[in-house]
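This document starts with one chain, in the form predicted on its own, laid out as structure tokens.
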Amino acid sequence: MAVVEVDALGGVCLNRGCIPSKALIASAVQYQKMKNATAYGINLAAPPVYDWNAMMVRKNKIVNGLVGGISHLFKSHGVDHYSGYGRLTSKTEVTVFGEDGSETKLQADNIILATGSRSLAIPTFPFDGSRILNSDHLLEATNLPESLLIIGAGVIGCEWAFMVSMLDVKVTMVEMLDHALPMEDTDTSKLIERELKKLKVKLHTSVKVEAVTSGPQGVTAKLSGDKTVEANQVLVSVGRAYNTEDLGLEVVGVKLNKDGSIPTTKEMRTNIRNIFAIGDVRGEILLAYTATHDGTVAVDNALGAKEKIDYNGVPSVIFTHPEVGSVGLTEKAASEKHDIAIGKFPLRALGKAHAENEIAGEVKVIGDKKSDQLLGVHVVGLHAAEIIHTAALAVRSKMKVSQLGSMVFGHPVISEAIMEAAHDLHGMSVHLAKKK
């Protein structure tokens, strides 16, 4: 088995996505907690001061250690790593072009394309790395600006908004749709918008950025409705482009979707049976953990199995502050197909949330009123990205809401809120005031 990679091992997630951003978010959260240390009964001798360069050093150390770990795993499992750019030169051949000008031809019965995605370049906001940035640029920034305009209040935009605003950057966000995190449940979006407001983030929704030009602070953005926003820099976080150019796909006849992604069957096969595609490049779900699932299915089928992808019960996790976790249907989507019932439990009613001084958020459970089928769970709050997996297992196992509520949870823990929300759906939560 061989892997061809032109960049550092680990792809976007490890080098320019999940891991480096979460390392920086952890530093920002720690700084925020230290600023509020008196709430924990701790008086600091002096106000805390963060060191962005030291945070970057820590981030790079974490990333480099994990990249080295992949290299070690390759060796232990007998995987050959070819450093260079890979291009299909036949249905069973990949040519690796090395930085030194060398060419190595690899023969294979099966080929898996896992080339991922990149920040979408928009002609209206051309990236220059100094004034107009994508998330890759920010991950390598030598310093933070005093003010930042974020175009797009999706997952990446919101994670960066919370991170840098906790580090005292003045943030303005512009979102074309009605809410921040527009793909999440509406109640989740409203809760996150409330927390952004607490951090003094200015959010403009249902608004479009029409142009970005040089301005007194660095940039001036013209918004629809004749509004303008001044900032030092702009972060553009409004989509991804698929890495399918110059791979030799046209040589072997691999078909593409109109957006440049690669369509596959549920077995991960492209229209060329022995060529598979996995992860972001498929354009279906752009998540590292679904890409891992795609990869296991592709490898199994390349070895003769008959496996199919199964995204039932796949959670969404968003590392805002507080975090967001969701699985299954939103209230809007569920109500279009079901007569629904809803249970909610606020984190401020949990002892553990008060002990941690993190009482923002709630758990929302959606069920079918007649069958009691669990349809969706939405969590905003401390450890939401962790506790959502209990709900994900329940959705994947097709549990009823009453079955989820009958689970015995430890105490005091944040995940108790899932049980309480399930009880609330049936009007049985003993830790909420009785509804009139």
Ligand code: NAI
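So that there is no doubt, residue numbering starts at 1 and follows the sequence shown. Just so we're clear, the structure is a prediction, and the values are computed from it rather than from any experiment.
Same protein, other form: the form predicted together with this ligand, not shown, and the subject of what follows.
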Is it the case that V164, even though its partner is missing from this view, gets within 4.5 Å of this ligand in the predicted complex, heavy atoms only? no
Answer yes if any heavy atom of I272 is within 4.5 Å of a heavy atom of this ligand in the predicted complex; otherwise answer no. no
Indicate whether E193 is a 4.5 Å heavy atom neighbour of this ligand in the predicted complex. no
Quick check on V251: any heavy atom within 4.5 Å of this ligand in the predicted complex? no
Proximity to this ligand in the predicted complex, single hit among I342, V155, I359, L144 (heavy atom within 4.5 Å): V155
Pick from R240, H293, K352, H137: which residue has any heavy atom within 4.5 angstroms of this ligand in the predicted complex? R240
Residue stretch of 68-76, 144-152, 251-259, 101-109 approaching this ligand in the predicted complex, non-hydrogen atom distance within 4.5 Å: 144-152
Using heavy atoms and a 4.5 Å cut-off, decide whether E416, M428 and A433 all contact this ligand in the predicted complex. no
Applying a 4.5 angstroms cut-off on non-hydrogen atoms, the residues of 294-313 near this ligand in the predicted complex are none
